[in-house]
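Below you'll find only one chain, the form predicted on its own, shown as structure tokens.
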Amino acid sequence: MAPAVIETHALTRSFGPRRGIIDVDLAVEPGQIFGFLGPNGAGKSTTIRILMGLYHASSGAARVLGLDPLGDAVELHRRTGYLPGELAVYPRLTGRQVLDRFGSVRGLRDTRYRDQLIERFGAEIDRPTQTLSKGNKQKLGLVLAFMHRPELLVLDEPTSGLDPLLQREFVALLEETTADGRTVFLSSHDLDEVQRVVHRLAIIREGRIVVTDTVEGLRRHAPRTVELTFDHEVDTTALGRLEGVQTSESSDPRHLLLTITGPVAPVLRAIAPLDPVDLLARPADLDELFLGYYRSTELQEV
């Protein structure tokens, strides 16, 4: 089995009285799109800055591409494409000048792929970067991160400021990247974005990892919703007695909403004799999973 591209053990960073991150354990396998999910202020950017050698950890350990982020920073940055949450570039240089300078530092001689990315995202490269909008700066940042085809992409809120069309283009680029055997570590609070692209994810809350799983793995343990419609009044007592089932009756007695956290087969057997005229079932999306997991965690801590 290939070694993990990113691996951390009990990674901790303190900022005096301010919370940082606490005992963060991560393992990102080669060729994955790994989602790092959490609300603003949860510790995503702090973790990324440690992985990129920009912060010292207070304790714990991190290896990225088998390297020490601090001791091997030059080699790590050569093999990594990094897009920070707030891109800072030389304000008076044009986008083209910025790309040329970064390309020169990286020894990038063949600029064909870079130029394809510029066209693909419609990056504005002939104006000073200080005049660019948030979206246009983000396009420039994406080109900077991807243009040298790095082994690892570390992307902090990468679609911030992009319109929906370019967000879809970004998803296609991620899929191409991992199809090429490269790895993406994607930090986001955009739940819809994450559930569409990641292979595996970790959720961080108040500096701690609260769950690591695949999206489908989380869905399997999440509540499913079933809506039933009848053309007659029904006795729902039997449904309410089932393990892992909650019933919610609406103002219309012929409409019933079930929330199911247990096995589905007993529920289906109990529903059949009631002769519903319609049934609508849907899994929880990542938004519901995320909020539901946080609520359950808060209840456990009270």
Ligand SMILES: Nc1ncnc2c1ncn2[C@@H]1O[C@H](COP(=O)(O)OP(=O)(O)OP(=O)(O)O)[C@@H](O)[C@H]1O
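Position 1 is the first residue in the sequence shown; the rest follow in order. All values derive from a computational prediction rather than experimental measurement.
One more form of this protein, predicted together with the ligand, exists but is not displayed; see below.
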Quiz item: Using a 4.5 Å cut on heavy atoms, which of Gly41, Pro253, Gly66, Pro263 is close to the ligand in the predicted bound form?
Solution: Gly41
Quiz item: Honest question, do Lys134, Thr159 and Phe170 all end up within 4.5 Å of the ligand in the predicted bound form by heavy atom distance?
Solution: no
Quiz item: Would Ser45 count as a contact of the ligand in the predicted bound form, using a 4.5 angstroms cut-off between non-hydrogen atoms?
Solution: yes
Exercise. Determine whether any heavy atom of His199 comes within 4.5 Å of a heavy atom of the ligand in the predicted bound form, and answer yes or no.
Key: no
Exercise. May I ask you to check whether Arg19 falls inside a 4.5 Å heavy atom distance of the ligand in the predicted bound form?
Key: yes
Self-check item: Contact flag, Arg96 vs the ligand in the predicted bound form, heavy atom cut 4.5 Å
Solution: no
Exercise. Select, from the options 255 to 263, 237 to 245, 270 to 278, 33 to 41, the stretch whose residues sit within 4.5 angstroms of the ligand in the predicted bound form by heavy atom distance.
Key: 33 to 41
